[in-house]
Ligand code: NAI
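Form predicted alone, single chain, as structure tokens, below.
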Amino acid sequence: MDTTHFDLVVIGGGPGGYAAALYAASAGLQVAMVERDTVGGTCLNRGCIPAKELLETAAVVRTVKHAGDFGVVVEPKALDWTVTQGRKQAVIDKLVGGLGQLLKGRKVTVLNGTGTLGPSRTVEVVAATGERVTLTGDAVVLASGSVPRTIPGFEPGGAVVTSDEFFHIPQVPYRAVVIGGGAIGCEFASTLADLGSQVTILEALPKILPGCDDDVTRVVQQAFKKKGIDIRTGVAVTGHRRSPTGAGTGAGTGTVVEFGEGEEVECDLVVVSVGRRPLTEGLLRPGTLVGTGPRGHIEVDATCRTAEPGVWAVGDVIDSPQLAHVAFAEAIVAIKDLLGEDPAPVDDGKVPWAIYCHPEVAFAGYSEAAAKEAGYDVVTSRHRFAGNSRAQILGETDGLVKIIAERNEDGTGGRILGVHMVGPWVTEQLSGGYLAVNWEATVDEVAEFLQPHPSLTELFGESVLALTGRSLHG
């Protein structure tokens, strides 16, 4: 290395880390980034990207299954899992390669190894070979990410996997149990069911997708039941044992999962999806002022500053929504703060959420229940995709758009507090609702905007228009 001192040293090469490195480099800073595995982090290698690739495979399977509805005869219908896995890896490899070229083009020095922060913004890097190098920086960004949480007795191995191992399963299981009905668990359950598995979701809370509006959750539950997914809520898993009979893929290969009050279900794959925890083991050496909270997250202020001068932390390692795009935004805030540009903090309550199960879910802002709990007098509008012409053309009519707004004295809607969507491609439709919530737009203002016809986004426009007291189709 020509130098071991940089304007900025970033520990972690996932979305938060590489975004900080790229944004800082584009501002003219000399940057080093330390990554112990592969650039792109969990999102690119073991999370968002492979998950959506397999969900797209599931979408193709659904399309082929229903091709006859459009007069298209496709025979035979079969899934070559080897090709599926190969395509998934090809997408990952291309994106990793592109990211590497982008970092190289911005002259970011990338070091492969484990980074540890010491006093005075020193970062020791230990390569897999044991070779060591010590870097110093005028500033440091910690972005070490997160790892899957596990349950005692359900550590990965054999028939038990977390998201880290799920993307490398050798075949589609005949029966699967997904422990956890949050966003990631529902994506896994949706994928497996569409690929032909018999799926059971076990969720300890009273409902799946606990952060979603109740109307949205009901739509997903109904759609999942149509797929044959067995949803069991309000139950805790208590253990599992090897099945003597197997579960459909060969004698002795199955697992019996025990849950609730003496209940059990047999399967040949258990997917543990109970959230993620911050990865801080070995990250901080004695002598730093960086602190961690009760759940292990690095403590930061509104602009992602830690208690150590010149050290910021972003992404899953801090207590904020575990979303790649939130990590991007936090990285920009941190670098702007480093540069003295007085950035606006990320408002965690208004970030866009996207869940890619089928049907998809997307939302920003308050749910109806949360708005009421916050003391707002609200009025809501719901319109279903069943009446939308584009949804009928697509053959994807499950779902709705729901708008939550402050109630005016005349009963019409005022400021838009939340936009919640469930249905076809809603993850690509949320931008208008996200802007409305974050710009604190009113119903009257947004109702003036035109939506193309025929389009899925018309439903958003119709839902807002109805809150003015007048409407067209609904």
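The shown structure was predicted, so the numbers you read here are calculated from the model rather than taken from an experiment. Numbering starts at 1 and follows the sequence shown.
Not pictured, yet referred to below: the form predicted together with this ligand.
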At 4.5 angstroms, heavy atoms only, are 6, 110 and 309 all close to this ligand in the model of the complex?
no
Quick check for you: of 94 to 102, 133 to 141, 273 to 281, 118 to 126, which stretch puts a non-hydrogen atom within 4.5 Å of this ligand in the model of the complex?
273 to 281
Could you confirm whether residue 296 comes within 4.5 Å of this ligand in the model of the complex, counting heavy atoms only?
no
Given that this ligand is not shown alongside this chain, does residue 205 nevertheless sit within 4.5 Å of it in the model of the complex, heavy atom to heavy atom?
yes
Evaluate residue 210 for contact with this ligand in the model of the complex, applying a 4.5 angstroms cut-off between non-hydrogen atoms, and reply yes or no.
yes
4.5 Å heavy atom contact, residue 181 and this ligand in the model of the complex
yes
Would you mind picking the one in 79, 151, 172, 370 that has a heavy atom within 4.5 Å of this ligand in the model of the complex?
151
In the model of the complex, the residue from 161, 265, 323, 318 that sits within 4.5 Å of this ligand by heavy atoms:
323
Out of 334 to 370, which residues reach within 4.5 Å of this ligand in the model of the complex, heavy atoms considered?
353, 354, 355, 356
